[in-house]
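Before any questions on how it binds or moves, here is one chain, the form predicted alone, in structure tokens.
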Amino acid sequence: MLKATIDADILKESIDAISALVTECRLHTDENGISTRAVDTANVAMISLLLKKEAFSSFAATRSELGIDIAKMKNIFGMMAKNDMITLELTDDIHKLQVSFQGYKYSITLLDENTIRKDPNPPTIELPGKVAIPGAELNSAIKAAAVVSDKIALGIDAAKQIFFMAAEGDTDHIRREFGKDEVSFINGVEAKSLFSLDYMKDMGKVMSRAEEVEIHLGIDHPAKFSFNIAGGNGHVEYLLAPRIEAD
């Protein structure tokens, strides 16, 4: 059972965060809210999302698992105006999710959760380098790097106490350094890894809305991007595997 009402902007932000990496997922509901964890088809990136019950205007749910077509939901919610209120309802027919807003009432067929990949277990890895940066600044650097390359290096220079993002193409190079006045060094230890800009661009669009994104880094290790949504009543984590360049 699920019956909830939520601001359209909050729900769209949540769907956008998921759709940056996957087109379908298992959505879990219980009395505390909704959550999901999913990996992309190439096993390069993972998203974990939690939306607490406090993010909703009203919320009542029992423990259940729903197969959600994220691409379809994104298309439906794209027509909604800011400040619309959306009602989600799952009743006795557990194969249909009722979505109501602006006088419209959609009956959306859920996916068979058995056809969707099971939730991945989060890897246990040490990522000692940690910085916090405004989401808009992070996205701007990602977009700048995409002009010259299809990959980007993220790192921490411990000696200089700077966080940097750099990209190198066949003929051009770009580097953006962030000092202590621009980012918070939670643990400024030496770190550097290379990542695909195809993934970073999609994630960056979502992270651009975050007041602050916490980045966890290692040396040739995955990166974790952690930030709040829904006014602090929701949380998103992206985990992105590094690109290992051949010698």
Partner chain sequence: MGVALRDIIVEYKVPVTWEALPGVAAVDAHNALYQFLSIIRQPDGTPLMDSNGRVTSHLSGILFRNASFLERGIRPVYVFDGPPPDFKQKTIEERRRVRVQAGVRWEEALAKGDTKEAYKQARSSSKVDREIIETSKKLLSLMGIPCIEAPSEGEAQATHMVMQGDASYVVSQDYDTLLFGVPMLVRNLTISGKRKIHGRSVTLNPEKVTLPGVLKGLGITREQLIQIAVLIGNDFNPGLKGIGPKTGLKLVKEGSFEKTLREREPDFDPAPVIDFFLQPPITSEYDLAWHPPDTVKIEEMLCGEYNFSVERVQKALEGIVGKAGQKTLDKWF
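Numbering follows the first chain given and starts at 1. Bear in mind the structure is a predicted one, so any value in this text is a computation, not a measurement.
Missing here is the form predicted in complex with its partner chain; even so, the following discussion is about that form.
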Report summary line: Assert contact_stretch over 161-169, 131-139, 116-124, 83-91 against its partner chain in the predicted bound form, heavy atom within 4.5 Å, equals 116-124
Report summary line: Note: exactly one of L50, L66, A61, V44 sits with a heavy atom within 4.5 Å of its partner chain in the predicted bound form, namely V44
Report task. Note which of E182, E211, D30, D198 lies within 4.5 Å of its partner chain in the predicted bound form, where distance is taken over heavy atoms; exactly one does. Result -> D198
Query raised in the report: Does any heavy atom of K205 come within 4.5 Å of a heavy atom of its partner chain in the predicted bound form?
Result: no
Requested in this report: Check whether L240 has any heavy atom within 4.5 Å of a heavy atom of its partner chain in the predicted bound form, and answer yes or no.
Outcome: yes
Query raised in the report: With a 4.5 Å heavy atom cut-off, would you call D150 a contact of its partner chain in the predicted bound form?
Result: yes
Query raised in the report: Hey, in the predicted bound form, is E54 touching its partner chain, heavy atoms inside 4.5 Å?
Result: no
Query - Contact at K12, M79 and L97 by its partner chain in the predicted bound form, all three, heavy atom at most 4.5 Å - result: no
Report task. Output the sequence-ordered list of residues from 214-228 with at least one heavy atom within 4.5 Å of its partner chain in the predicted bound form. Result -> D220, H221, P222
